[in-house]
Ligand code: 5GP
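Here you get one chain, nothing else, as structure tokens; it is the form predicted on its own.
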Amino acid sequence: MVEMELAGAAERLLASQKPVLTVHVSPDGDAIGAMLGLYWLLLEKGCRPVMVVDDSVPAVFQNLLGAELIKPVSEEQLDADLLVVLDASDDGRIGRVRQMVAPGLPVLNIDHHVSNTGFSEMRWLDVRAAATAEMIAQLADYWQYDYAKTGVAEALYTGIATDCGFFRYANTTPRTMRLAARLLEAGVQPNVVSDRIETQPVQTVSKLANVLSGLEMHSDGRVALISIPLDQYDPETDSDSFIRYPRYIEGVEVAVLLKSVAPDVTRVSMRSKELDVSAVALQYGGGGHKRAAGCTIPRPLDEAKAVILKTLSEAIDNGL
């Protein structure tokens, strides 16, 4: 694997004419914001990028410029000369996107997760970055991009702000704040972005109330768990934000959100105060940050719950 810094990644991207851009399944604001930002940057540089995601784009990000251009996975075979994987720490996190490109197509991974497995031929990894969108903002500065041309600034701000909890989380750095300030200077309105993301339809709030009513406490109150069973799962509902509520319960070290997305598939999201949940997620083929990570367990909800609770209990007891 070839390790790259900013300049090397910029050079390799410009050597491509037909790159396919993709992100992890269950895409969040950072994944979508970073991908859209890079799409517009490459288009400006004369490339012909295509965006593909093996999942639906959450409704709260569909107003970002270019979101309607993101393709779902299909039987179509794309004519591409590079696969760019953004904000994903391992190959399994991108789902079936590889089926749409030629076998052996070079892969460039742009990521900031400490749990990155080094699955690609080329990698630009910056674990100091609060978000992958922060890295794309650096790329925009490197290329002296004029933010006024398109909606790049809003996409990148969305990615940065959401991945550091609107600048509340420990991954927020002085560089993060400086880049965000430059995006505001380019015309981003932070209240518009936050209102768009935080405003929820009444159906979502009702679902949140139902999910919170099933709150479970484990490991002597150190683990708080909420779950969405299959008959209540709706891919169009932005339920990822639900985990913030058990996260702030007094005495809780780890908050867990389980989503049954198929009879034998459960998605797991974890947030912690100190525990390295990326190490826990890595055991199940997932990854993320020390205090925010996720994975997909190929088991029904109840079985997935049992195994993740056992792993978390052991990790907490061992002080990992």
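Position 1 is the first residue in the sequence shown; the rest follow in order. Throughout, rigid core stands for the largest set of C-alpha atoms superposing within 1.5 Å between the two forms. Everything numeric here is computed off the predicted structure, so don't read it as measured data.
The same protein also exists as the form predicted together with guanosine-5'-monophosphate (5GP); that form is not shown, yet it is the one meant from here on.
guanosine-5'-monophosphate (5GP) is not drawn, but in the model of the complex it has a heavy atom within 4.5 Å of residue 293. In the model of the complex, residue 49 stays away from guanosine-5'-monophosphate (5GP), with no heavy atom inside 4.5 Å. Although the partner is absent from this view, residue 287 contacts guanosine-5'-monophosphate (5GP) in the model of the complex, with a non-hydrogen atom inside 4.5 angstroms.
guanosine-5'-monophosphate (5GP) in the model of the complex is not approached by residue 109, whose heavy atoms all lie more than 4.5 angstroms from it.
Heavy atoms within 4.5 Å of guanosine-5'-monophosphate (5GP) in the model of the complex map, among the stretches 50 to 58, 268 to 276, 65 to 73, 36 to 44, onto 268 to 276 alone. The contact with guanosine-5'-monophosphate (5GP) in the model of the complex, taken as any heavy atom within 4.5 Å, belongs to 89 out of 176, 227, 120, 89. Within 4.5 angstroms of guanosine-5'-monophosphate (5GP) in the model of the complex, the stretch 240 to 255 places no non-hydrogen atom at all. When the rigid core is held fixed, the Cα atom of residue 297 travels 2 angstroms or more between the shown form and the other one. After superposing the rigid core, the Cα of residue 265 is displaced by 2 Å or more between the shown form and the other one.
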